[in-house]
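Alright, two takes on the same chain below, each alone as structure tokens: structure 1 and structure 2.
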Structure 1
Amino acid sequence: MGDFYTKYEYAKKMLETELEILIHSFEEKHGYTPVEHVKSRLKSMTSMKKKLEEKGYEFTKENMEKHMNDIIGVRVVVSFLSDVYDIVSLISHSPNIIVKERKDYIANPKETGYTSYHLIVLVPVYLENMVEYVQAEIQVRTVAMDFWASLDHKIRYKFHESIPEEVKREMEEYSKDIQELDKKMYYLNQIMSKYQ
């Protein structure tokens, strides 16, 4: 499994570097950076094994590549709602990243109220005498969405996916509050832009 994992480490570095360049060029062009922070991780072998077993698959390289989109995970956290779509556009137009799939959970939130924009991308890894495209997941969200996603994850972990109805209802309500806050912050940003 060593070579397999090394390939993903290379792909993670390639993706981190490409995102850093894209964000820096955006900042130079527009005079500000919309990004609060970028966080990336590589799923551990233990975590991959557990996820495959939960899905009913044997722990093999082939199954990892076929059934897991998020061996590499990158989260880009931005200030305002409009920044999410600016960053998604930036990534989509990069000549070094191929967007394979899009999931707009902002336009279509999950039932718990989770919101974020997910991209499944292919990243080129230059190996000896060949180029291989490695899959990764990029999540783009606002600070408010990131706060909500963190709570959503903790609640799901605590209840092992079978969340009581009362908790689900509260989560949905609080999610609406978070979405409303993002709209207000976007409006504030529009007002501020008049004075720049």
Structure 2
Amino acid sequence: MGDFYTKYEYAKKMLETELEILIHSFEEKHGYTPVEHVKSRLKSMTSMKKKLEEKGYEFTKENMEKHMNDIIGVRVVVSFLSDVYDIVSLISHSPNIIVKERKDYIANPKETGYTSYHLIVLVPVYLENMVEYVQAEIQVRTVAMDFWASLDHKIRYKFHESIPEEVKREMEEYSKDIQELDKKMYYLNQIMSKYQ
């Protein structure tokens, strides 16, 4: 598996740079900073092995390439709900990023209560005499959604997936509270914009 990550490292860098430019030009144009932070990572071999086995695939290089959407994962955390869709639109219009798939878990939250907007994208990596399009997953979410997802992640880790029903129910409720809070913050942002 020695150089398995090389092309993913290049593609991650390329994606980070492209996002930095897109976000910067958005800020210049609108005089407003929608992004709180951007975080990216390459998925570890341990998590890829676990995920492939859960899906019933053998842990091989071919299966990682074929069945893992998120070897490269980028998370863009923004302030307001409307910023999620502005960032998604910005990425979708970039000539250097191809959007392969969209999953709007804000319009359609997952059963757990998880909300976020996911884009599966392809980014070009220039290798000697050829261009290879490498896949990555971009998750765009508000600070409130990020707070919920990070707590949920800790809960999953603590209970190793056998989460007590009571905890699941509470988390589903908090997800609804967060969706309401995001709507209120969006409304507040609309009010504030009248005074600018």
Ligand code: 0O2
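By convention here, residues take numbers in order along the sequence of structure 1, the first being 1. This structure is a prediction, so every number in the text was calculated from the model and none was measured. Throughout, rigid core stands for the largest set of C-alpha atoms superposing within 1.5 Å between the two forms.
**Student:** Only one of structures 1 and 2 is the form predicted alone; identify it.
**Tutor:** Only structure 1 fits here, because that chain is the form predicted alone.
**Student:** Quick check: Ser150 between the two structures - does its CA shift reach 2 Å or more after fitting the rigid core?
**Tutor:** No; that C-alpha moves by less than 2 Å between the two structures.
**Student:** After the core is overlaid between the two structures, has the C-alpha of Met45 moved by 2 angstroms or more?
**Tutor:** Indeed, Met45 is displaced by 2 Å or more.
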